[in-house]
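What follows is a single chain, given as structure tokens, in the form predicted alone.
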Amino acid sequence: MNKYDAVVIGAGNGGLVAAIRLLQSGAKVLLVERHNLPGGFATSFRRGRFEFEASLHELNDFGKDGGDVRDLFDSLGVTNKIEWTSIPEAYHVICPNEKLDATMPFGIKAFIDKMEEYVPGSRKSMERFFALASEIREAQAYTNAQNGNVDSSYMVKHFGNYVRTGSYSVKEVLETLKMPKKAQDILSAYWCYLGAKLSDMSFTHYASMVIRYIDRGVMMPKGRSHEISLAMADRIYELGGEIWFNTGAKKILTGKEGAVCGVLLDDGRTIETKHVVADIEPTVVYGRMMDNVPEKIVKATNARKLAGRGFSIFLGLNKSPDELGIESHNYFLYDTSDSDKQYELMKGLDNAAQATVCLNRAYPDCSPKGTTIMYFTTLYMDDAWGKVKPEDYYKTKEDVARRLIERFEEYTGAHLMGNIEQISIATPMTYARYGGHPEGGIYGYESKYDDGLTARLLMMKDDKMTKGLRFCGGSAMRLSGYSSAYFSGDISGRQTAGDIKRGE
């Protein structure tokens, strides 16, 4: 009764997809989740008459006419279980200190045309950027399909520019493309979604994300991201899989030669299996859940740098967006468009840079008529909250929240204070407690150019350091983000299915 072909630990985005892929291959699969609901951060919660989205701003690569994430969802059998709504525009970036205020549309042609309006003479460099980004997306689709068995000569022949840019930063490539500075600033608005400064961030990762947003379409589930999680859990049951909620995994057991042989649960039960897919940070797995970890694995895991620690505000307001003066769905507000400088500012508690969403602009019926739902998110690039004294915690989080709201009012002209009916605040401590993430990090490991998306996709074989153990989720080979987590689960699930069929 307690023997399975594979055990998936964690019902986050990656774990849910990995379980479905394993079940589709015919494997007997158990998914264990310590919470009483699936999804991890892909969930929602209620305060008063408002249902708040916990983390998803929008799901990219999921247009009405297709997209890689939509294709993935179709193949998993979950797309039609979810009710979707479209996002109206790409983003609204504001940086008053540099007189930057731009609202950008979806669609490559529309995006380039609008950029040319804001920055005359930028068209040629923008066309070159999107041509390069398109090749990068196609190359990644190839590497995903190969399950890590990438033919390097094929890559060089068919995706030469992808290979050439793999070890360069965003800043280096945009300068090589001779893109005007203001165009770079507008194009770079999404950088906080990956949580690394542009002089360090992998260009291939950033370009891949941008084209998936701008060209491939963006949607949002009306039932918040928890609707996706529930649809995937339902699909697991349809395929004959098991999900044990309120069940934590305490240890991943290893036998001869360090290979996986089972999972010890918190309640003392032992599950026999030779294959584990962990939707958990490697830092946690190797630091707390495994014994006798080889030194090379410890060094390789510790060599990676944690990305941004999260701070979020969830607001329910008693007026409509029009009454409040909120124009757009998705805002990026920065002190400076220089990501290196902004990155340094985001190490301190006085940071007020933010990615802020008004869900009603995409889905007017998401809250009662005449009300508004908003989400504010900022990142800390250091463990600043670890230095806050316990007795100062509540005052500090309220001060930070007030500063973010006041910054939004200052930069946009909106009027939020005095109209707040419900407010909930999540600090890095909240995320560390809820998700078990070190220091409250919500982005996994930093997407650096020397350890970014290209390097990790090409080194998937080398990343399998323990026989029978693979990772998925925001800290795996596809790095952070919803679509990335789904793809990581797809890759790890298919790879593990292959291992099982080969008897490895």
Partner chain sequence: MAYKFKRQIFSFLDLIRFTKIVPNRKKMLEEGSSAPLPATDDVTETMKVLHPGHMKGTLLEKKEVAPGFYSFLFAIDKPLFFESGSYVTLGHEVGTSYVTRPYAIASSPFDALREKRIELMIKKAGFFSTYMIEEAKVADVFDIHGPFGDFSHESLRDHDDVVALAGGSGIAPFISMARSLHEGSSSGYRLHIFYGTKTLKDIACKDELDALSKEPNIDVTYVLEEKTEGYPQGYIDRKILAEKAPKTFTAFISGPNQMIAFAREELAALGLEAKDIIAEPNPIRDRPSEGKSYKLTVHIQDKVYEVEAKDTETVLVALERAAIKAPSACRAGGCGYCHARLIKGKFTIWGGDKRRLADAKFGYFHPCVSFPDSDLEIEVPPAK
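Numbering follows the first chain given and starts at 1. Computed from a predicted structure; not experimentally measured.
Although not depicted, the form predicted in complex with its partner chain is the subject of the following passage.
Whether 46, 247 and 386 jointly form a contact site for its partner chain in the model of the complex is the question; each needs a heavy atom within 4.5 Å. Contact check passed for all of 46, 247 and 386.
Using the partner position in the model of the complex, report whether residue 65 sits within 4.5 Å of its partner chain, counting heavy atoms only. Output for residue 65 is no: heavy atoms all beyond 4.5 Å of its partner chain.
Flag residue 455 as yes or no: does it have a non-hydrogen atom within 4.5 angstroms of any non-hydrogen atom of its partner chain in the model of the complex? Residue-level check for residue 455: yes, a contact with its partner chain.
Answer with yes or no whether residue 28 is in contact with its partner chain in the model of the complex, where contact means some heavy atom within 4.5 Å. Judged by the heavy-atom cut-off of 4.5 Å, residue 28 is well away from its partner chain in the model of the complex.
Any non-hydrogen atom of residue 325 within 4.5 angstroms of its partner chain in the model of the complex: No, no contact at 4.5 Å.
Among 344, 410, 98, 398, which has at least one heavy atom within 4.5 Å of its partner chain in the model of the complex? In short, 398.
Between 110, 259, 141, 163, only one gets a heavy atom within 4.5 angstroms of its partner chain in the model of the complex; which residue is that? Answer to the contact question: 163.
Tell me which stretch of 410-418, 329-337, 99-107, 86-94 has a heavy atom within 4.5 angstroms of its partner chain in the model of the complex. Only one stretch passes the 4.5 Å heavy-atom test: 410-418.
Judged by heavy atom distances of 4.5 Å or less, which residues of 273-297 approach its partner chain in the model of the complex? The stretch touches the partner through 283, 286, 287, 288, 295.
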